[in-house]
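Just one chain is shown here, as structure tokens, and it is the form predicted alone.
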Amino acid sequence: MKKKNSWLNENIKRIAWLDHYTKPEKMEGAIKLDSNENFALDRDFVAGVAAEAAKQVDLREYPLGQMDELYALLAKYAGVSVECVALGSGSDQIIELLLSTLGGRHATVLSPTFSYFINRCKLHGIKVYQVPLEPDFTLDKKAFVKAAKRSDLIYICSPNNPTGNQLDRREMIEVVDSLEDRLVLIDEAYVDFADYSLSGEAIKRNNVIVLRTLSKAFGLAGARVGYIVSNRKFVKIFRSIIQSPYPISTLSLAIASGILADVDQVKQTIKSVRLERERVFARLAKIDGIKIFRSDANFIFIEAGENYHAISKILNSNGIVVKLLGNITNHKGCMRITIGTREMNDQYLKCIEQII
């Protein structure tokens, strides 16, 4: 008699069939514009902060006081009380914790949006309702709220990834307030490049968590430092019960504090990225054969249509790596391209202009 599969085997089989996040390949010498890292922030500045941090810390010790120091700096930057901030090892680890403890049975998201969140929901057995954005990436508020009221968890990426746009602030608040009996997670990974944050609104409500990171604007993708902003009661529970005791290394904590201590340089870089984004947008808008969309993040979303393969080929031959998305809903041949330095941007712009 054939032995039945065990509970373990059945679950491994289920997990093996799930979609998964594919990390980009490391390509030596490439112009890397596929992961939205902030290459506009001076590398020597970041390296100097890291070197100074390495001198100060004792890696033989667990991180203790360093967390409190970073809490204070993050709270000041976000404009909230220190009791409303909690840390994590990048946004990914915080998402994982929230899904495993508070995810519920159903989640509602925009479509398209950050695929990692959808994949992790499926890993945890959470059914996901995807509500398509309008062709111009605005929100059908009625359809979204209707789907959201069937869910335990609502996820909104603001600005949205991969489309780059931030929904109207008033509309966002109306959606949040219509879902006061649901958990609303607002992912603000790119908010430093946008016009508004809902951190100040999150601390007034008992069901809203704003997720933020130092991986993008602050140039610390390799340090893995993320944080949440929420009401004091939830933050206290998150810090003491949900989060592990030492989620971030002593060195990463010291580097993050060092960067925030010189936040004016980061703010200047953010300003320059926003200006460069406008320059790139204006130049792309003059090219026939592609469609571009307004962005509030540090990347541009392009619909290349029938020019998709030709653009992909010439970028690849010139060592320029962008996020190739293919067809998304009714949009054909889509790409997401990070706003890099002026020199990096000019190289890919010349490639596209050469093809079309």
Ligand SMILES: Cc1ncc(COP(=O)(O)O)c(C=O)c1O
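Counting begins at 1, following the sequence as shown. All figures in this text were calculated on a predicted structure; none of them were measured in a lab.
Beyond what is shown, the protein has a form predicted together with the ligand; the following relates to that form.
- The contact with the ligand in the predicted complex, taken as any heavy atom within 4.5 Å, belongs to S91 out of T163, T269, S91, T250.
- This chain is displayed alone, yet in the predicted complex one of R182, R277, R120, R224 has a heavy atom within 4.5 Å of the ligand; that residue is R224.
- Between 241-249, 164-172, 98-106, 150-158, the stretch whose residues reach within 4.5 angstroms of the ligand in the predicted complex through a non-hydrogen atom is 150-158.
- Though the partner is left out of this view, D187 does reach within 4.5 Å of the ligand in the predicted complex, counting heavy atoms only.
- In the predicted complex, S215 approaches the ligand with a heavy atom inside 4.5 Å.
- The ligand in the predicted complex comes within 4.5 Å of a heavy atom belonging to F114.
- Residues of 241-268 placing a heavy atom within 4.5 Å of the ligand in the predicted complex: none.
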